[in-house]
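Two versions of one and the same chain are coming, encoded as C-alpha cells; call them structure 1 and structure 2.
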Structure 1
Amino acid sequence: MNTVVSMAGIVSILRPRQGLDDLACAGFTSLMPDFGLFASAEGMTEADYRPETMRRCYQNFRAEIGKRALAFPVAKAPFLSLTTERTDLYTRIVRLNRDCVRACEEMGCGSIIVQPLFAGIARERIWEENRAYYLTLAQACEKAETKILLPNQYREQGGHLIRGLCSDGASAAAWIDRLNEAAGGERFGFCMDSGYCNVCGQDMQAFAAALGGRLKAVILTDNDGRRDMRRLPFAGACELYSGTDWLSLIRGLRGSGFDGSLILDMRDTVQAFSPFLRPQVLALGRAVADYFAMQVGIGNALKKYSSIVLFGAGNMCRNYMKCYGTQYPPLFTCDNNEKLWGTEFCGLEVRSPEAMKCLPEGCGVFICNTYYREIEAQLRAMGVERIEYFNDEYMPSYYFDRVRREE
C-alpha cells in the first residue's frame, strides 16, 4: 500500500524547492502531481492551449524533483469545476488530457486520475460519450500497464451538492468493467474521493464493497459535510466528532482487501497555516497517512505471516481475539506485567517478553498495546524485526466493557 501526498497547496510550480524539501523532511517519499497546476482546463480557449509551454514547465519542475528520492505512483489530470456549464471545452480537454497521460508516463506515474465528461451531455448519451473519451485516452498511453482511474463526482442543484457521475458503487463498477472489456485488458480502475463522498452523504463502506478490486486509489480529505473542502483528516472535528465517517471508509477498505494508493489531500489545512508552521503540519500529515495505512492494512498485514504472536494481554488483545482470533489464531501473547506470566488470557498463554527471542521462522509480532513506540523499541533491542501494530478503534465489533485488574 502506498501513502501519497497531493502537492496542491504545498508545492509552488514556479518555486518548488521549499515545498519539496518540506515534504521530504516530513518523511513523504511518494507525491501526486496535479497537472491542473501546469495547465487549467477552466476557461481555456484555443489561444490558451500551448502544450509545449506546459511541457517545458513540468519538465523544469521534474528536473527539480529529480534531485530528490521521490516517487510518483499516481497523477491527477486537470479537472473542470463540477458546476461548469461549458461544453465547448471538451475538444481541447481531450487534447490536454492526452498530453497529460504522456507526461504522466514520462514522470514514471503508473496511474492518472481523469474526470469524466458531464456538463451539457444528455443523460442517455453520458455513457457513450465517456466510453469514447476514455478509450481515446487509453490509446494515448505508450505503456500497457498505465492505468486511467475514474473518480466519483458531485453536482450542484439548488445550492446543494448532490451525487454526480460515478457516485454509485455498482454503476461505477459497471463502467470500469465495460471500459476494460472494450480496451481488451485491465486499463481502467477507480479512485474514491472521501471528500466527495462526504458532501453527498454516501456510505463509503458500501461504495468500497461494490468496487472491490477495481478500487486502486483513495483520496483522504476532510470537510464539514456541506462544502467541498480539502482538510487534513480529523482537523475539522467538532465536539469530539469528525466531519467524515472514517469508520465506514476504513471498514470498507479492509473488507475489499484494498492495497492501492492512499492519497492525502490537505490543501486547505496547509494553506491556513503560516509558512513558518507548515513543516510541522506536514509532519502531522505524514503521521495521519501512516495511521490510515496501518488501520486499512491490518487484514493484509495478518496475511503476510505464517504464524503470529501478540504483545499485550489487555483490552486490545481481547478485541483482537474477538475479531481475528479464529481466522488468525496467535501462538501466544506476551506482557511486561510479570504477574500475568504463566496465566491464560482469552484462551492464550501469557508469556514473558523473553519468549520473543525464540520465535519460529516467518512469525510476525503484533503489538496490542497503546505504548506502541516503547514496546517496538523494546522488541527491536531484543532482535525482533517483523513487528506490526494492531489497533481496535475501527474494528467491526469489540468489547465495550474493559478489563480491570488490581495493582
Structure 2
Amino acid sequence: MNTVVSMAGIVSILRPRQGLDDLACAGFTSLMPDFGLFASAEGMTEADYRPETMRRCYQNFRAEIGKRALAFPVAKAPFLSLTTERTDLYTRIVRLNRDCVRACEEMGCGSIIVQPLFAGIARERIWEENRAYYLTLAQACEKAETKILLPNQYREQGGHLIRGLCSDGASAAAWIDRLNEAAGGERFGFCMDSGYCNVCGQDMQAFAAALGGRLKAVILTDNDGRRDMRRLPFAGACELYSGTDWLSLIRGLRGSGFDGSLILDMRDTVQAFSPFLRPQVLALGRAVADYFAMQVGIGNALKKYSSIVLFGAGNMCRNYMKCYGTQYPPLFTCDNNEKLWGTEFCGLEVRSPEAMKCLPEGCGVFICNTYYREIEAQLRAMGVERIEYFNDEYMPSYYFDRVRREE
C-alpha cells in the first residue's frame, strides 16, 4: 500500500520548491500530481490559465520534482466543477485529458484519475458517452500498464450534494469490467473519494466491497458531511466525534484486500493554517496517512512474528481475542493489575509483566491498552524489544457490552 499526498494546497505551481521541501521534511515520498492546477477545461479562457504561463509553470514543476526522490504512483487529470452546467467543453476535455495521460506516463505515474463526463448528458446516454470517452483515453496511453481510474462523483440538487455518477459500487464495478473487456485488458480501475462518499452519507464498507480488486486508489479527505471540503481526516470533528465513518472505510478496505494508493488530500486544512505552521501540519498529515495504512493493514503487524503475547487484560485484549485470537493466538497476556495474575481472561492466562523477560525468540509484544507510551517505556526498561501497539478503534466487529472492573 502506498501512502501518497496530493500536491493541491501544498505545492504552489508558481513556486513549487518550498512545498516540495516541506513535504520531504514531513516524510512524504510519494506525490500525486494534480494536472487540474495547470490546466482546466473550464478555466482555459481565463487570464490565470494562459497556456504559455501554465506551460512555464508545469515545466518548472517538472524540473523541481526531477531533483527530488519522489514517486508518482498516481496522478489526477483536471476535473470539471461537479456543479457545472456547461456542456460546451467536451472537445476541450478530451484533448486536455489525452495530453494529461501522456504527461502522466512521462512522469512515471502508473495510473491517472479521470472524471467521467456528466454535464448535459441524458441519463440513458451516460454509459455510452463515457464508454467511448474512456476507451479513447486508453488508446492514448503509450504504456499498456497505465491505468485509468474512474472516481465516484456527486451531483448537486438545489445546493444539496447527492450521489452522482459512479457512486453506486455495483454499477461502477460493472462499468470498469465492461471497459476492461472492451480494452482487452486491465486498463481501468477505480479511485474512491472518501470525501464524496461522506457528503453523500454512503456506506463506504459496502462500496469498497462491491468494487473489490478494482479499487486501486482511495482519496483520504474529510469534510462536514454537507459541503465538498478537503480537510485532514479527523479535522472535521464536532461534539467530540468525527462525523466521517472511518470505521466503515477501514473495514471496507480491509475486506477488499486493498493494496493500492492511499492519497491524502488536505488542501483546505493546509491552506487554513499559517505558512509558519504548515511543516507541522504536513507532519501530522503524514502521521494520519500512516495511521490509516496501519489500520487497513492491521493484520500485517501480526504476521511479522512467529509468536505473540499481549500486554493488557481488559476490553482491548477482549476485542483482540474476538477478532484476531483464532488466527493469531497469543501465548498469554500480562497486566500491571496484580489481582489478575494467575487468572484467565478470554481464554488467556494473565501473567505478571515480569513474564515478558523470558519470551521466545521472534515473539512480538502487542500492547492492548491505550496507555501505549507509558507501557512501552515500562517494557523497554525491562529490556523488551519487538513492541507493537494494538488498536481496537476500528475492529471488524464489536461486543455489545464492555468489561467493567472496579479500580
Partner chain sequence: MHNIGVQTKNAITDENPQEGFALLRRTGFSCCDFSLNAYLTNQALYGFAVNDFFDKSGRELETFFTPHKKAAEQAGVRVSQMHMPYPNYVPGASPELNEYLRCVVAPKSLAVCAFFGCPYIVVHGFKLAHHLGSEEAEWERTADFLDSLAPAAKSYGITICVENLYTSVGSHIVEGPCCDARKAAQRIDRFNEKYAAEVLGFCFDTGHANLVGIDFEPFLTTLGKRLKVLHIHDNDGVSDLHQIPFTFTRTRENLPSTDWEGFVRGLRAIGYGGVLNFETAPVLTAFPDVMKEETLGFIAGIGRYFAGELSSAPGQEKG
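In this text, the rigid core denotes the largest set of C-alpha atoms whose superposition between the two forms falls within 1.5 Å. Residues are numbered by position in structure 1's sequence, first residue being 1. The structure displayed is predicted, hence computed values, not measured ones.
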Study note, to complete from the structure: Mapping for form predicted on its own resolves to structure 1
**Study point:** Rotational displacement of the smaller rigid part between structures 1 and 2, which moves against the larger, in degrees
**Key:** 22
Study note, to complete from the structure: In Å, the rigid core superposition gives a C-alpha shift for Arg373 between structures 1 and 2 of 6.9
Revision key, fill the gap. Once the two forms are overlaid on the core, the CA atom of Arg386 shifts between structures 1 and 2, in angstrom, by 8.1
